[in-house]
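We begin with a single chain expressed as structure tokens, specifically the form predicted on its own.
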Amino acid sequence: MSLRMIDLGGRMASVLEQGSGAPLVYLHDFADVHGVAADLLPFHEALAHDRLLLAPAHPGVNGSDDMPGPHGIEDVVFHYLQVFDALGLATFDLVGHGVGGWIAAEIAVRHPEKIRKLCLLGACGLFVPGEPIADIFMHTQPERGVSYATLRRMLFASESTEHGLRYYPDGRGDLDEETRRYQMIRFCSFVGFKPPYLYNRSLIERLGRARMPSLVVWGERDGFTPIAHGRAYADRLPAAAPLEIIPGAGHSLPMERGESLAALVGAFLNRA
């Protein structure tokens, strides 16, 4: 694994890369690389076994410079177009998790010619009546000043999972990890702090433009983005496979089910 800093005309973007071969861009979420972890997880390393994995950090997160002034999802899409240009990417596979899945979908509907295959993991971004995305902004504040149990239930299968307790412990955690968590919430407040949270009402009607082969994967116990959003993505993306639901898993699939998820995503990406 190596860290690459790329210049976007005076702003720097941090990109982790590993492997070689056909390029795969991975856009991260909260309980994920960059969102809390400094390095690639075993899930990402498995994907990099036979391809070049490129995992940029969102603006203002884990070494990437912030974007100037107030910005929204359109600005983030343009930021990533600059990243792709700087990396020399003409076409590539695109995998997005959670908020990263939202960004991936927004890129795919605007520039379908760039995306060879699209994979969305528990992606937010859609407005689905009666199925709101959870209020992560409220739950990043610890209950009684010390407990992150409700945040862990939102992001993981339960409040007591190994990865949840490791990366979202009660009380004071690792300072660098807490900083990345704060940076990720701050980034999301720019693009999605308008109840209901983290969506673009227009996106669902635009999904028909994303005609590349697509895979949508959800955790059965996702407490952040309801499964109804996964069904909406799978139904509206023209070349999507049937929705894959992973039994017993929560929202943070790359952490909770890294091995099985990498096998599922890898098989999809390698399929002719």
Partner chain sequence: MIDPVQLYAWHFMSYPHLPADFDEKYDTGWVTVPNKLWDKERSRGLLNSYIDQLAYADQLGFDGMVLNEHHQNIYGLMPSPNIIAAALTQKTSRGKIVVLGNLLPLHANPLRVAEEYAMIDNMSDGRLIAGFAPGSGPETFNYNVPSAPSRDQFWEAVELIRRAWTEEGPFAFEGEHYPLRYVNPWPQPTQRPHPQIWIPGARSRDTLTQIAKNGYCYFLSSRSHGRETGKAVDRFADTLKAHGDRYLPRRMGILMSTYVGETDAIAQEEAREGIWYFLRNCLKGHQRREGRQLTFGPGVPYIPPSEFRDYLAHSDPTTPLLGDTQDWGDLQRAQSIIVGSPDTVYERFMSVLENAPVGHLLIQFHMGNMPDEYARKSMRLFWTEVAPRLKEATGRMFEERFGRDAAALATERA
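Residue numbers count along the first chain shown, from 1. Treat the numbers as computed from the prediction; the structure is a model and nothing was measured.
Keep in mind the form predicted together with its partner chain is missing from the figure; the text below concerns it.
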Interface segment, criterion being heavy atoms within 4.5 Å of its partner chain in the predicted complex, picked from 124 to 132, 77 to 85, 170 to 178, 94 to 102: 170 to 178
Option touching its partner chain, based on a heavy atom within 4.5 Å in the predicted complex, out of 110, 186, 166, 116: 186
Close approach of residue 140 to its partner chain in the predicted complex, 4.5 Å, heavy atom: yes
Residue 196: touches its partner chain in the predicted complex, heavy atom cutoff 4.5 angstroms: yes
Interface membership of residue 156, its partner chain in the predicted complex, 4.5 Å heavy atom rule: no
4.5 angstroms heavy atom contact with its partner chain in the predicted complex for residue 161: no
Comparison of CA distance in the predicted complex with shown form for residue 195, residue 200, at least 3 Å: closer
Closer or farther in the predicted complex: C-alpha pair residue 195, residue 171 (3 angstroms or more): farther
